[in-house]
Ligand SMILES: C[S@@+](CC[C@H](N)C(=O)[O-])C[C@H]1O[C@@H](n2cnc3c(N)ncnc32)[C@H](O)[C@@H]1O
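Okay, so here's just one chain, in structure tokens, the form predicted on its own.
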Amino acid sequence: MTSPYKISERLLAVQILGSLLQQHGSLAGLLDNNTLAKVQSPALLQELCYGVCRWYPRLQFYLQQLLDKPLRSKDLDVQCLLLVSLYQLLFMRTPDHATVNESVAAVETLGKSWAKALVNAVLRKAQREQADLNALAERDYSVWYAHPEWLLNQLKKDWPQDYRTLLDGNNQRAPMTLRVNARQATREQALGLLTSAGVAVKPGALSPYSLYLAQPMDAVVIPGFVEGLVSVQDEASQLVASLLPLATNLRVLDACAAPGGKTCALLEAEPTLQVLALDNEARRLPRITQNLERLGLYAEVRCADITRTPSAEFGHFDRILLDVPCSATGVIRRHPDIKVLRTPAEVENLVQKQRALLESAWPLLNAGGYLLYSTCSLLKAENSKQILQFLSAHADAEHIALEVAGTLACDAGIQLPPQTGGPDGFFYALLRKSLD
């Protein structure tokens, strides 16, 4: 019987990684459902792609040591095949002989028979010299911790006492976390329901609504998910409902709302909120609406950019959530292709966008109101420095101290590091507009 699958996981991983290295797309976009359906084991395909990206700086270093001379740019597919194979040899439990044999055979499929001997030699040399390769890698933190040099240097500058902890956290696998819908059940009740259904789960330490799954699973098969009892959301992200002061019938702006997790978290905590959820990309709005409908919640959803739309079109708000676009350096464990794709120039552009969003949101806030600024970044330029600069320019802005366990010391706001088995790296700062 003919197999319905058109391509091996290894070869499809080579194609996807080649696209990434040429700056064509992201892992999330390239590993869509249509792509995953092409292979027998979607989990293996994801493991290969995410694993190579997670350890890319170190794997690339190993490859440079193993090659007698660099590969030509037109042989990017061979390079990607070698990176995938090195990942299997050095980070997975795939039998060495199977990795070597299958990689050599894959060269033929790529139409590059000349590379058979090269691939065989490189992989066998890697087997023999693994200890020596590791010893060399340990001399360079950027290589050993598998972060691009510019990012490692910036983290070291921003967090001289903690940067290695941050690097380690970025290299861990992220847990799958649920947010319990307080309108339907307490966390203890949801925990009991899941446990009785055979789902291993435990409560989180920071958000009163959080539950951690022992093993990831498809959201739609989680007991209570379809009915709106639980949603998938990292614990750090859930904290918006605890950190933004809420009361009945407040008018709230979620200025960068997609995919809607924070909008829903706010409404679950206080259903009487009158929420306007904005996003500047129309294609992202359906995700917000779908999440609201599954949970039985309502918010006005609109495509708009507060930096380009006259403020009169929005009116004024008692509370504003400003979860700004950022470098995502606190969620690298979920998006390891950031190590391949992100550049210092992009970070600077994001800092400017964040500043524009802050400046545009502030006039929309009523006197006495609160603005909660958040990012999933670890970089101070996007976080505490951004807030300090804003405070220095706005006499009517007051910084309100926040308290969350396990945060790193900041001059303004709070910085959560990515924690093994715990929340993502996240920054929050709460500002209050004076009544004068």
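Just so it is clear, the structure is predicted and the values come from calculations on it, not from any experiment. The first residue of the sequence shown is number 1, and the count goes up from there.
Only in words, not in the display: the form predicted together with this ligand, which the text now covers.
The closest non-hydrogen atom of Asp168 lies beyond 4.5 Å of this ligand in the predicted bound form. Shown alone here, Lys262 lies within 4.5 Å of this ligand in the predicted bound form, counting heavy atoms only. Although the partner is absent from this view, Met217 stays clear of this ligand in the predicted bound form, with no non-hydrogen atom inside 4.5 angstroms.
By the criterion of a heavy atom within 4.5 Å, Thr307 is counted among the residues contacting this ligand in the predicted bound form. Checked against this ligand in the predicted bound form, the candidates Leu206, Val331, Cys256, Leu365 yield a single residue with a heavy atom inside 4.5 Å, and that residue is Cys256.
Proximity to this ligand in the predicted bound form, taken as a non-hydrogen atom within 4.5 angstroms, holds for one residue of Lys353, Lys202, Arg124, His316, which is Lys353. Stretch 316-324 is the answer when you ask which of 79-87, 293-301, 152-160, 316-324 has residues with heavy atoms within 4.5 Å of this ligand in the predicted bound form. Of the residues in 278-304, those that come within 4.5 Å of this ligand in the predicted bound form through at least one heavy atom are, in sequence order, Asp279, Asn280, Glu281, Arg284, Ala304.
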